[in-house]
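Form predicted on its own, single chain, as structure tokens, below.
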């Protein structure tokens, strides 16, 4: 009787080990893709706070970062300079979007501004198909392809770059907003644009800066994730929708909430694909978005507000 009991205990231990290894693998994958969603959501939040615009072209900045860096690297440009070129191009596109799309329509309704950003997204996607191509492209991993083993789970080194890059960007943005004079001007513009103008803040420059910064963040996300997921001219649409869902989940306008929302959606996607079905992977973000809008319109970390009429 001793052998069967030992055998059962060994079987339970093996099943538990396999479950933990599998769960850890899903969590790592979810956090990696969630970090990208978090950066996209952070771009949404920056622009929304400064301009009250929901920029549905935000995902296209990720596409620009991936495509420009991939093509520049294929043309012989060193990887670091290819990444810098991609970020510069994305910033220029972001400034053009603000100068010729958003600023002339500043007095228009929110619906009109959203339609402008959707139109800009379609135009940027079409131009990318013409300038580049419609194939998938990849960058080499920054630290090689050899997987790192952690408790029977495999971690590709590039995932650490994505997570570390997201962490650095979030920390740098927090320090900028809370420790610099211009960062406080951005916060003042987000809180009350008219009051910021009255105390001498150049709100037009602040708004153009928000588009440039969000474009740079999107491009960095594109450069970091392209060695893992590939890129093409049309990857921005899904990223914009999932980034928007993450921003709404965390509380629209809350930077830390945007990061938390992105990580949560990434984890839900990975766990849902692993334990339910990969067919529902892309639907999870939209299910979360619908649920939040129905049950918690302010998001997880949004602030309740009232308006006197």
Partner chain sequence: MTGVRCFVKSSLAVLALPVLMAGTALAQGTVKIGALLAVTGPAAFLGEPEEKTLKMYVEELNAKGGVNGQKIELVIYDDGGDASKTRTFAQRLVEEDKVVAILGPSTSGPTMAISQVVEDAGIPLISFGGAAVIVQPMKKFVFKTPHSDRMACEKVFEDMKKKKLTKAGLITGTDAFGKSIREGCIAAAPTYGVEIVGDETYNPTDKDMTPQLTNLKNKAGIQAIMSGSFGAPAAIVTKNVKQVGVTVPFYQNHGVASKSWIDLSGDAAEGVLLPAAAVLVADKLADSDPQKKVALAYKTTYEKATGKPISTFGGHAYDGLMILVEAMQRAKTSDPKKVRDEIEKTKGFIGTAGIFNMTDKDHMGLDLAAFKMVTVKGGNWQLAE
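These figures come from a predicted structure and were not determined experimentally. Positions refer to the first chain, counted from 1.
Just so you know, the form predicted together with the partner chain exists too; it's not on screen, but the next bit is about it.
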Does the 4.5 Å heavy atom contact test between residue 134 and the partner chain in the predicted complex come out positive?
-> yes
Would residue 149 show up as a contact with the partner chain in the predicted complex if we use heavy atoms at 4.5 Å?
-> yes
Contact test in the predicted complex: residue 138 vs the partner chain, heavy atoms, 4.5 Å = yes
Heavy atoms within 4.5 Å of the partner chain in the predicted complex: does residue 73 have any?
-> no
Answer among 167 to 175, 207 to 215, 138 to 146, 80 to 88 for heavy atoms within 4.5 Å of the partner chain in the predicted complex: the stretch 138 to 146
Go through 24 to 50 residue by residue and record those having a heavy atom within 4.5 Å of the partner chain in the predicted complex; state none if no residue qualifies.
-> 25, 26, 29, 33
